[in-house]
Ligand SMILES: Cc1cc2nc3c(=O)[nH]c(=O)nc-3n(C[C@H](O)[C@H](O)[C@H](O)COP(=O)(O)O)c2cc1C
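What follows is one chain in structure tokens, specifically the form predicted alone.
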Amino acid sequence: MQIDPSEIAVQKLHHLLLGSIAPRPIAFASTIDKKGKPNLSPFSFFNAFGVNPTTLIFSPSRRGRDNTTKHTYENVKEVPEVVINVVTREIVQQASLASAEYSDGVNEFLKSGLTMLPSVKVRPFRVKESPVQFECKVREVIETGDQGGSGNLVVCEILMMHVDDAILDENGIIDPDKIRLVGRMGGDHYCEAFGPAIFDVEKPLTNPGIGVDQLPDHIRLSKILTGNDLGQLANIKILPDDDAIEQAKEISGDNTEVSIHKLAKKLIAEGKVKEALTLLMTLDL
């Protein structure tokens, strides 16, 4: 399938984008209008884009069906302040409820059963049940268009951050299994960002890995090893030396290429990537 965005309906394109650009973090945005009426609504067009200065951006887009704007967008134009609360597994149903299109002036805190907590530096309220709350000033609102589905990028700077001590590990870092965040997928789908959904990928920061192109052909073209397996092998900083390969050869004996590749795959799954590469290199002796 090839798609030219200009040639399909906005709603169809919207579904394709939400289904493929996922999971997305959720900005549970609390705002207030010039009369002091609070509003609370979740937005999954959201992320962090810098720390110096702090920059959070979310988008209360124009409605695709009738090109109307949302109360959150109207509020930040009147009162350029917002509290962005994170959404956890424990409050995701209430956050979804707050996304309903209630009439102007209806308090979504009351509708969703969540608790309004006074902020320290801004006028909008915080969500007490959210373990991380960002009090922000709105630096600017960037309107990307004037048609239904157009984004309104609300560029925020954090003035105060509130973190529940209960979600921190012994080093003062947020523990994903304690904060229990959720992410937005397409349609009615969400995902959990904790428990078995969490896995580690070693970052090749200061010392780049050797790269897949430096692996011998029988490894690079293996029908047993996956692309993820190759990615881990290629993230090793230097190839094993001859002595290490000789020692591995003595242990592996005369096993076939298939059996060695299967054993190497098992070692990779156990986190023994260097041992796996050394074993694979015995086939080149």
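Residue indices: 1-based, along the sequence shown. None of these values were measured; they are calculated from a predicted model.
If you look for the form predicted together with the named molecule, you will not find it shown, but the lines that follow are about it.
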Contact check for 89, 132 and 194 against the named molecule in the predicted complex, heavy atom at 4.5 Å: no
Only one of these stretches, 183-191, 132-140, 170-178, 206-214, has heavy atoms within 4.5 Å of the named molecule in the predicted complex; which one is it? 183-191
Contact residue in the predicted complex, chosen from 218, 63, 37, 249 - any heavy atom within 4.5 Å of the named molecule: 63
With the cut-off set at 4.5 Å between non-hydrogen atoms, does residue 222 touch the named molecule in the predicted complex? no
In the predicted complex, residue 240 touching the named molecule (heavy atom, 4.5 Å): no
Does the named molecule come within 4.5 Å of any heavy atom of residue 96 in the predicted complex? yes
Is there a heavy atom of residue 81 no more than 4.5 Å from a heavy atom of the named molecule in the predicted complex? no
Taking the named molecule as it sits in the predicted complex, which residues of 35-71 have a non-hydrogen atom within 4.5 Å of it? Please list them. 39, 41, 42, 43, 44, 45, 59, 60, 61, 63, 70, 71
